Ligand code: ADP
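Just one chain follows, in the form predicted on its own, and it is written as structure tokens.
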């Protein structure tokens, strides 16, 4: 039987702001280009601080391997050698790229790490927004094709077949990093916590009062409202929305979640939240289902075990997968 999540019409993820209990700790910093927030229940603050330092170090390590923006990372090396030669990588990175390609195959290309081939064509940075011409899109779009990522399982090499092609792991690496962070906390003896990195979250154990963690999903058009309120434990949840990085030009909203088949922002959804057994999965599928749109997205989710979705379409209508019971009261 699929687990049912009761949603009470209430998107963006938040951690309850209830006053902290004795033995409850909050830690925060900026890592991997996003806000990292942690709520933890533990007896020893010294142990919490040590575990938090290990988490930050691990997430920085992952960024130094997997960022396509930093020079000297393995992903940057793969991109520099596109159309030239295969690049040997660690088993960790090889497995993450392999997992990315599996999601691409499941979603018929709606998820595609070679979207990074479009880098520089669009810009969503505040003050330097850029809307490309149709000719620029047409010229760059043929480089976006996950089928041109060649993996050698024996040699653990990655080869981008076309010169100028690039990959970016932004839609899966952060979820992976959250999972690694959760494992560090668990191994450090901290068994009750919430880790939130941007729109990706791992919920483990319970609050100090023994109750599941209260998690909300914020409305994509009104930051003061929520479309869902959940009480969760031992699960991951990720949200992708058109409100995260965007600009408006001539009355049209352009956001950063690209449709790999068109080279333009995906249309059809305002927000997609995925609930899954691990954060790498919820991270990747929140992007993939956003690109697919509500109808195709929910059809795919119905075929996948252990994954549920809540979608706000482009009209504001809220719908959920079969394991989600959406209530209006």
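If you're wondering where the values come from, they're calculated on a predicted model, not measured in any experiment. Residue numbers count along the first chain shown, from 1.
Same protein, other form: the form predicted in complex with adenosine-5'-diphosphate (ADP), not shown, and the subject of what follows.
Residue heavy atoms within 4.5 Å of adenosine-5'-diphosphate (ADP) in the model of the complex occur in exactly one stretch of 40-48, 256-264, 54-62, 297-305, and that stretch is 256-264.
A single residue from the set 235, 190, 158, 110 has any heavy atom within 4.5 angstroms of adenosine-5'-diphosphate (ADP) in the model of the complex; that residue is 110.
For the options 245, 130, 140, 180, the residue carrying a heavy atom within 4.5 angstroms of adenosine-5'-diphosphate (ADP) in the model of the complex is 245. Though the partner is left out of this view, residue 66 does not reach within 4.5 Å of adenosine-5'-diphosphate (ADP) in the model of the complex, counting heavy atoms only.
The shortest heavy atom separation between residue 291 and adenosine-5'-diphosphate (ADP) in the model of the complex is within 4.5 Å. Remark: residue 287 counts among the residues lining adenosine-5'-diphosphate (ADP) in the model of the complex, judged by a heavy atom distance of 4.5 Å or less. Contact check for residue 240: a non-hydrogen atom falls within 4.5 Å of adenosine-5'-diphosphate (ADP) in the model of the complex.
Taking adenosine-5'-diphosphate (ADP) as it sits in the model of the complex, the stretch 200-216 comes within 4.5 angstroms of it through a non-hydrogen atom at just one residue, 200.
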